[in-house]
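Just the one chain here, the form predicted alone, laid out as structure tokens.
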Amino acid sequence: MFKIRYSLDCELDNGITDIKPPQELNVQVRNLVLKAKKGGVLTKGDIVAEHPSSMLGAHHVASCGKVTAVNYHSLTVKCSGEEDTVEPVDVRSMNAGAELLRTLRGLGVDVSQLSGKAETLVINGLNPEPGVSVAQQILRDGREELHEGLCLARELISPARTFLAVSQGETITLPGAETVGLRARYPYSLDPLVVRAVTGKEFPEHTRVIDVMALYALGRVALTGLPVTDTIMTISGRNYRVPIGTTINHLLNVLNIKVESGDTVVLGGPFRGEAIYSLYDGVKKGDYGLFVTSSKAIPAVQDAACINCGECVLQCPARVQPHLISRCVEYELFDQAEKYGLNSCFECGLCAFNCFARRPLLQYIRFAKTQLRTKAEATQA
């Protein structure tokens, strides 16, 4: 069996560049609880939506402006160009506990990995996917934010040991963490595989993992007291600070990137990213890359029948059977899909990337997980 291991190392020749402010934001609010209405006037940092989960952060507007449209998928804000911001919160003066977690969640931070104590904390410092250099850039240029974020995370989690996982050969250190060098190859940058490499165990108990992008965002919130309103994205080999809600069309125009009819525009990375439906879709919190794939470069994904080649099983780092899972999902046999390892899937995307029939295997898996989660929530209600 021949497996390709995709390099995660990138060349950094510049710092993080601020993208030109857009005239309009399109904030995605699907499945969120809206906190803003059409016609409302917003200040930068105002909450526009909250996540129904008690662990996921609120969503804030990245610019002053007026809400001009609201629907199930998005909230559109016409930017005014004003510089006013919400009042900062003194996060660093707060004691660790439920109140601090609520405050961080209200400032847009995902607190799922910060709630409760753990013996081991692993900081994933590897680039998330090939062609994405965000983690590498932050480790080089965001040391103050990382240090502040780690101090806050350690205060909340109280780990006995903290590890920083970086590419082998890197001499990067972070006060309070033990540096561990790992192979900079995809899919070994995935959190479960990083934890296994650092601890020697699969899914060890009392262990938390946080990637450097999340730690950097936590540190910025702690330093400024302001909510999360932007994300760092790799676009055409460079890293940009992009306001959340910035439309893809704006990014393409500002960076002079051409898109032809039939091309695929992906938010995220080449393996785990999601193709956008419209160029007027907005950047989401946590998007770390933008890629344009020519229609002439790679055959389109299609609902073709499985040819039983077994390539997806051979490539799977989680040792599950994507071909059988996808077949179950096609016929809405979601419980049967669980028996074939659905919940053990890391969603690395290698199965779909290597599928000779070009089946949307990762999309099937994500769809099944969503349907089962919705079913479980309805049962609990």
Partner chain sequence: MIHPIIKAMSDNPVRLVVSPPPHWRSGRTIQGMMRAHLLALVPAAIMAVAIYGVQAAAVIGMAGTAAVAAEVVCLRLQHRDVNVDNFSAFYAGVLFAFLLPATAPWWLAAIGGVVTIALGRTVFGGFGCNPVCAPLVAWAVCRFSWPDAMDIDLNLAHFMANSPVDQLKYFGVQSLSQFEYMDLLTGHQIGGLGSSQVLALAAGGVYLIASRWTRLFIPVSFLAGVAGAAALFWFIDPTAYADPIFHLLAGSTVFGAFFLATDTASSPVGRLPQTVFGLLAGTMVIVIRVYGVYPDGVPFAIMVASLLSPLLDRLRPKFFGVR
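Heads up, when I say rigid core I mean the largest set of C-alphas that superpose within 1.5 Å between the two forms. Numbering follows the first chain given and starts at 1. As the structure is a prediction and not an experimental result, all values here were calculated from the model.
One more form of this protein exists, namely the form predicted together with its partner chain; it is left out here, but the text below deals with it.
Interface residue among H250, R208, R220, R272, judged by heavy atoms within 4.5 Å of its partner chain in the model of the complex: R272. Shown without its partner, this chain lists E178, E99, E260, D84 as candidates; in the model of the complex, only E260 has a non-hydrogen atom within 4.5 angstroms of its partner chain.
Under a 4.5 angstroms non-hydrogen atom cutoff, its partner chain in the model of the complex has S295 among its neighbouring residues. At a distance threshold of 4.5 angstroms between non-hydrogen atoms, A357 is in contact with its partner chain in the model of the complex. Although the partner is absent here, P243 lies well away from its partner chain in the model of the complex, with no heavy atom inside 4.5 Å. In the model of the complex, its partner chain sits within 4.5 Å of a heavy atom of S344. Note on the interface: of 99 to 107, 187 to 195, 155 to 163, 169 to 177, the segment with non-hydrogen atoms within 4.5 angstroms of its partner chain in the model of the complex is 187 to 195. Residues V265, I276 and P317 are all found to lie within 4.5 Å of its partner chain in the model of the complex, as judged by heavy atom distances. After superposing the rigid core, the C-alpha of E50 moves by less than 2 Å between the shown form and the other one. Relative to the superposed core, R327 undergoes a Cα shift of 2 Å or more between the shown form and the other one.
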